[in-house]
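First, one chain by itself: the form predicted alone, in structure tokens.
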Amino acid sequence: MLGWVCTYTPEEIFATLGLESCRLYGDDRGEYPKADLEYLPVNFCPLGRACLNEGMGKGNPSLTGVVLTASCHALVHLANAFRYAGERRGKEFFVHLLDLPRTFDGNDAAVRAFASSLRALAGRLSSFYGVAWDEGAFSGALRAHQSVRRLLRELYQLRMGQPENFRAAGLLEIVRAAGRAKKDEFHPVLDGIVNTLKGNENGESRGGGSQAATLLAVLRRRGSPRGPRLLVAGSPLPFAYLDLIEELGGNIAGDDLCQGYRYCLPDVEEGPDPFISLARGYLERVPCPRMLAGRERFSHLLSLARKTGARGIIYHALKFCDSSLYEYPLFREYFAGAGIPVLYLETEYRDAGLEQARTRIQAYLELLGEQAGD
């Protein structure tokens, strides 16, 4: 079992090689063994620490390796921590740090560079696990992943129309399940969820079995509060904070989270070179905060805010997250110019501090209500 973290990691490569993989999310409630304290400083990205705990904790002995991207300093150091922790297990542990361009701008040089990194990853995986690349298997893996991503995007479209009926944390739970599952097995589950939401108001799944029913149960939001529509952006946000926003009357109509909608975005077209196809598909989507294309990102989010009718944006930054902390001042300035107020939240990727946040979120929602004359 291979673990991975960043959404710029093409899962299709693992599936083509016949390797099982799962995305590491960590525990956003803070309930995990403190294995990270042996390898990482306290003032380190809390998501990185949580993922190390999930990957190397006693409850996950099946993990035989990780693939991380050089998307930030934290993940670079996390790769070293996994390497050292793997050595201490006393058996071989695969660790690969995937090079990722900082910019794209539609140029072929970035695509070729990223394709070369992906080709090197596939070569190392083949050698370490004794498996071979198969073009036919790649075509099947690509179709399966594209199909799941399309269904996830459809689910987001359904939420956009009626955010008051959807629990934001429930939608992210479905995205998390997709990141952990084999795509051909998860497709009927997701298809059942989408079909149920489109055709059966009673919420009984028409396909996908018990897993679809379970995920539908956490997706549905009790009551239909009347409050402002919001977008959520920045670093991955603990589910407890999303529930708090909705408890106070906010309706989350969209997100730009790497553990949410950003996971659904890659659109890969099969070509003669699978690694060029993957590189182009993953790089062509709207960039994340670590990429040198802030204005393009802001323009996309402004368009999304207008499309969803969002009156405000909640920007979340993980403590010690350089990418988010560098981006936020520019983000706030851009949306202030567009007349959209932004609320800044900072957490340690756990549900501590909810009561302090409650007052700020409530005041922010009241401000949005006053501006709209509600």
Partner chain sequence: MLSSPISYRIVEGALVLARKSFPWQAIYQMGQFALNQTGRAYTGKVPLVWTSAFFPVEIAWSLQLCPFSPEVAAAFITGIGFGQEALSMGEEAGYSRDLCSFHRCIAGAARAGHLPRPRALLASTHLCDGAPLLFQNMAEIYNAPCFTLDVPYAADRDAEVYVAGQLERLWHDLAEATGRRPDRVALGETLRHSNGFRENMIRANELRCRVPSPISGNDMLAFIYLFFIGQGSREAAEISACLAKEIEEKIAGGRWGGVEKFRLLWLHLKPYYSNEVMSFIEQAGGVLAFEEFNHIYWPPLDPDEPFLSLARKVLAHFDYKPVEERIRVIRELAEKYRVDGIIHFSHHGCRQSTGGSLILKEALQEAGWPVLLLDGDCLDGRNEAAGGMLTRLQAFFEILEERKEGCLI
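Positions refer to the first chain, counted from 1. Nothing here was measured: the structure is a model prediction, and the numbers come from that model.
Although not depicted, the form predicted together with the partner chain is the subject of the following passage.
- With the partner left out here, the partner chain still marks one of 243-251, 98-106, 268-276, 213-221 in the predicted complex; by a 4.5 Å heavy atom cut-off that stretch is 98-106.
- Contact check for residue 194: every heavy atom lies farther than 4.5 Å from the partner chain in the predicted complex.
- Among residues of the shown chain, residue 295 is one whose heavy atoms approach the partner chain to within 4.5 Å in the predicted complex.
- The closest non-hydrogen atom of residue 131 lies beyond 4.5 Å of the partner chain in the predicted complex.
- In the predicted complex, residue 323 approaches the partner chain with a heavy atom inside 4.5 Å.
- Only one of the listed residues (72, 257, 151, 172) places a non-hydrogen atom within 4.5 angstroms of the partner chain in the predicted complex, and that residue is 72.
- This chain is drawn without the partner chain; in the predicted complex, the residue among 281, 236, 289, 228 with a heavy atom within 4.5 Å of it is 289.
- Not one of 93, 141 and 350 comes within 4.5 Å of the partner chain in the predicted complex, counting any heavy atom.
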